[in-house]
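Below sits a lone chain in structure tokens, taken as the form predicted on its own.
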């Protein structure tokens, strides 16, 4: 305990170690909160969800914090529903005997932006038994102009997308509908007209219990803290859930590799002879085998599960170059006087290895363990970028793969790659700063450097 307290006091003297420790603690807290607030199954459901899950999100929208650095804000997504409290529902009886009635809504919203939205859609949720309602929609601009959008006989679940209506495009002067309904009259190039807009919806229903509900979505150019991808998914989910996955993968791989390697090296040195020779020959063979191509083969021909990759990675790294480093230290410790004393009072081989040899080099192991964690985090991300990541999990590498596969750099969606890349570098720097500082603390030869 005294050694631990003394080590903590020494760590405080290194600003790099303190900064790195704060970042690591932040990442751990973020991981715990993410797992609690957004459970694994819910995160997977959202990440694998389709249009029904993400229907109110725009495609390839930038994160909303980009507006902090702009003079003119990019439009955010606006959602107005007939189920909102401030939306009034008017019902007019047309023919009581035939159960004909008009249901009218006015969806009003403020549009304060100088830029145009990405697209506009209306999602209808209609209730009826036999006869579909007849729906008409009108768009009213801040300057009082009325633009007829559409009228149609609606299904139970109907989606009206402005951009697919060629008639509406002709009504707004040949412009794209999502531009034309927001454009100031007689402007070339078109300029958005800020102000209060109203969508009037009238539904003629033919049954007593029939009803019409609608949701207007004006898709913005910015959306969410992390932006969105080509499938409308919020990238923030992968950025948050990528944190516990990356830390767990890196920590388990580093612990499994380091501890097992240390134990194998200790057994080889203590027993010597053919045991040590066998370990050294296996290590030399392993050192000429490339790890990444082997993992690529496993992911291509067997399984891309993150746990399969973790197991294979640990097996490949057990007989790594660290075994020779630990062997050199164990050879020195084996000749120490306390080892002879332990043998003299009859300590067993296992007790000597685990009670006297291994504990002596734990201070040497800790810095290398900390530095190893980000290397395994980067390796997992590299596999995902190559398309060999776990297909069920939202990870940082998977985000970068999707961005690369869908031309994020070509389209100018730099956030899509930069956000996960920043988190990878952020994590790597934190562990590197702590690891190098610990190396100076535990290695007396480096303290004066």
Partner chain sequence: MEATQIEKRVERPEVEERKSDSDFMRIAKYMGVRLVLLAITIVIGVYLAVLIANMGGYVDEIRKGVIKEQVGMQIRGNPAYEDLTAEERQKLMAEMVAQEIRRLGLDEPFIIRSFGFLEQALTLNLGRAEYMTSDTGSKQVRLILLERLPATLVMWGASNLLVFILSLLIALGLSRKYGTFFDKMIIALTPTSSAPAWFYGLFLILIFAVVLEIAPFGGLVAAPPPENKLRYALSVLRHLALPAGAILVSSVPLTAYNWRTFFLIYSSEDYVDMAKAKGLSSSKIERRYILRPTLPTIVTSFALLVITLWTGAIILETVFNWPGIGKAYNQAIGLYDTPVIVGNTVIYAYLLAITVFLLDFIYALVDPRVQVGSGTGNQL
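On a predicted model such as this, the values are computed, not experimentally measured, just so you know. Numbering follows the first chain given and starts at 1.
Separately, the form predicted in complex with the partner chain exists; it is not shown, and the next lines address it.
| the partner chain: the contacting residue among 171, 232, 286, 76 in the predicted bound form [heavy atom, 4.5 Å] | Contact residue from the list: 286.
| request: Answer with one of 179, 279, 298, 80: the residue that has a non-hydrogen atom within 4.5 Å of the partner chain in the predicted bound form. | output: Filtering the options by heavy-atom distance leaves 298.
| Pick from 386-394, 54-62, 23-31, 37-45: which stretch has a heavy atom within 4.5 Å of the partner chain in the predicted bound form? | Checking each option against the 4.5 Å cut-off leaves 386-394.
| message | Since only the chain is shown here, I'm wondering whether residue 374 would be in contact with the partner chain in the predicted bound form (any heavy atom pair within 4.5 Å). | response | Because a heavy atom of residue 374 falls inside 4.5 Å of the partner chain in the predicted bound form, the answer is yes.
| query | Is residue 425 a contact residue for the partner chain in the predicted bound form, using a 4.5 Å heavy atom cut-off? | reply | Residue 425: yes, in contact with the partner chain in the predicted bound form.
| message | Is it the case that residue 294, even though its partner is missing from this view, gets within 4.5 Å of the partner chain in the predicted bound form, heavy atoms only? | response | Residue-level check for residue 294: yes, a contact with the partner chain.
| field | Non-hydrogen atom contact residue 67 with the partner chain in the predicted bound form at 4.5 angstroms | value | Answer no; every heavy atom of residue 67 is more than 4.5 Å from the partner chain in the predicted bound form.
| Candidate site 109, 167 and 221: all three near the partner chain in the predicted bound form by heavy atom within 4.5 Å | No residue of the spot touches the partner chain in the predicted bound form.
| Looking at the partner chain in the predicted bound form, which residues in 159-181 have at least one heavy atom within 4.5 Å of it? | Heavy-atom contacts within 4.5 Å come from no residue here.
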